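For reference, the chain that follows is the form predicted on its own, supplied as structure tokens.
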Amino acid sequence: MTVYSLGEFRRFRGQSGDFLYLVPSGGIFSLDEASAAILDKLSDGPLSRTDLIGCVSQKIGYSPLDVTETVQELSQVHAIRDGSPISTAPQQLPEHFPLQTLVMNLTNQCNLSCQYCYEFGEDKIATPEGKKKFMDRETAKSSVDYLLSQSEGRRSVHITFFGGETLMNFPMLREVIDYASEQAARKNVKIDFSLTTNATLLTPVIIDYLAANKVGVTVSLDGPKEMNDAFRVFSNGRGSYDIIEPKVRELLARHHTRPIAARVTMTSQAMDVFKIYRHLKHDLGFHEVGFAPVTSSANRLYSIGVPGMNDVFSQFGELAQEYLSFALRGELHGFSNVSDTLAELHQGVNKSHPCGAGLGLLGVGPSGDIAPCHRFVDSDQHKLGNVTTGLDKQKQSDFLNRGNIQSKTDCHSCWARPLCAGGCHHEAFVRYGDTGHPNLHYCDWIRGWTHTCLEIYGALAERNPAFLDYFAERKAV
């Protein structure tokens, strides 16, 4: 006798109807009257196939055949279970996963001394004597060659320039773009470029070069002057806003070949989400604004604690509703935290790892040392190899196995795990001393935010589904 019970899902509401977020697959399922009635009935406990179909048919007045078809459909997507075993075997990573993104730290030096920078983190030490502080031509070319040799099968690859402050080594950035473009063309591979900068070194010449070469730019800026200057300071303690603001305006006025984004590091001194967003989006004119709350180091004064994160969540929710009102009119809003999550939901993302670190993405330091991502660059403890000698497959495997969602038993009962997969590897190391440890300190926050974005997705699916086409190809950063 077949007995049905509820599967693993998150039920949420759009604006007029109910949906399911299907945890095993990362898919989204719209509920009609019959499917909703079936789930409601099974919420009281398991039922035999005969009893379930009979009870639901009688309750909603549908024919047994129609209810039977709906039961089968719900069973096929694993919204309900019929007692058949579900495979829980860990997903095996392919032996060779082609590289797609290389983050090149052109220098580990910076002209700012932002007090929250992860370069001052627990996994970093002062650059050893003799280790390069600026990437040279030979290392840069070897890095490009490594990317192209390890991306076999990819039709497109990406280089992100990072630091330190990227533009402190702008001559090398130009050489990399010229060399990489030439080598990619020879291999018939599309390549594009982006960079993150504090904007203090931007000049008209640099801006025009970036625009001409369609380099995507993300500016690290924490909001209006009083918020930005709380931690984003020069070594003498002087704030950076007055230097940055006119340069940002010039960047936005001259660079139109790629959207320009702002990245906000939210700290205990910069938590007014609306004020920050309004200033960066409307006063300065950024295309998008993304927020990254600092929660990794519980003992740092700049870190946002639980009460602060609750306040941030409330503000995020209000700004997300504003995003929805724009989207229902078919307009882009610019709150990229929502866009990034909607993109993953729309693409049915179901992660084995929190991000592509160590897999489709690697970081390279000025010396050529390979790290799982830019945050681990120059951390000898997490070195995975060198662009001249290659990747240490065993170290890469150990890192990936540790970070696999299957290894994080605390996550196995969480409905949000397809998008989170336990959280940032680097934050896990800083907070817990283990790159594979789940980021348990913000689990409730992640679940709440994911549910908020699910409701926005549902509302758009009902009232303006064409808007969701925007996310078909968008890649979350």
Partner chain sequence: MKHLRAVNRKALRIEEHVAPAREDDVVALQNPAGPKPHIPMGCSLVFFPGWEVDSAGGTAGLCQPVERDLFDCYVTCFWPAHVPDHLNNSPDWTSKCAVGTKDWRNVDIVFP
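Since this is a predicted model, take the numbers as computed values, not measurements. Residue numbers count along the first chain shown, from 1.
Separately, the form predicted in complex with its partner chain exists; it is not shown, and the next lines address it.
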item	value
Proximity to its partner chain in the predicted bound form (heavy atom, within 4.5 Å), stretch among 442-450, 60-68, 406-414, 424-432	60-68
Heavy atom within 4.5 Å of its partner chain in the predicted bound form - the one residue of His279, His333, His346, Arg263 that qualifies	His346
Candidate spot Gln115, Phe162 and Ala292, all three touching its partner chain in the predicted bound form (heavy atom, 4.5 Å)	no
4.5 Å heavy atom contact, Asn350 to its partner chain in the predicted bound form	yes
Ile53 within 4.5 Å of its partner chain in the predicted bound form, heavy atoms	no
is_contact(Val377, its partner chain) in the predicted bound form, heavy atom dist at most 4.5 Å	no
Partner contact for Val306 in the predicted bound form: its partner chain, 4.5 angstroms, heavy atom	no
Stretch 31-62 - residues with a heavy atom within 4.5 Å of its partner chain in the predicted bound form	Leu31, Asp32, Ala34, Ser35, Tyr62
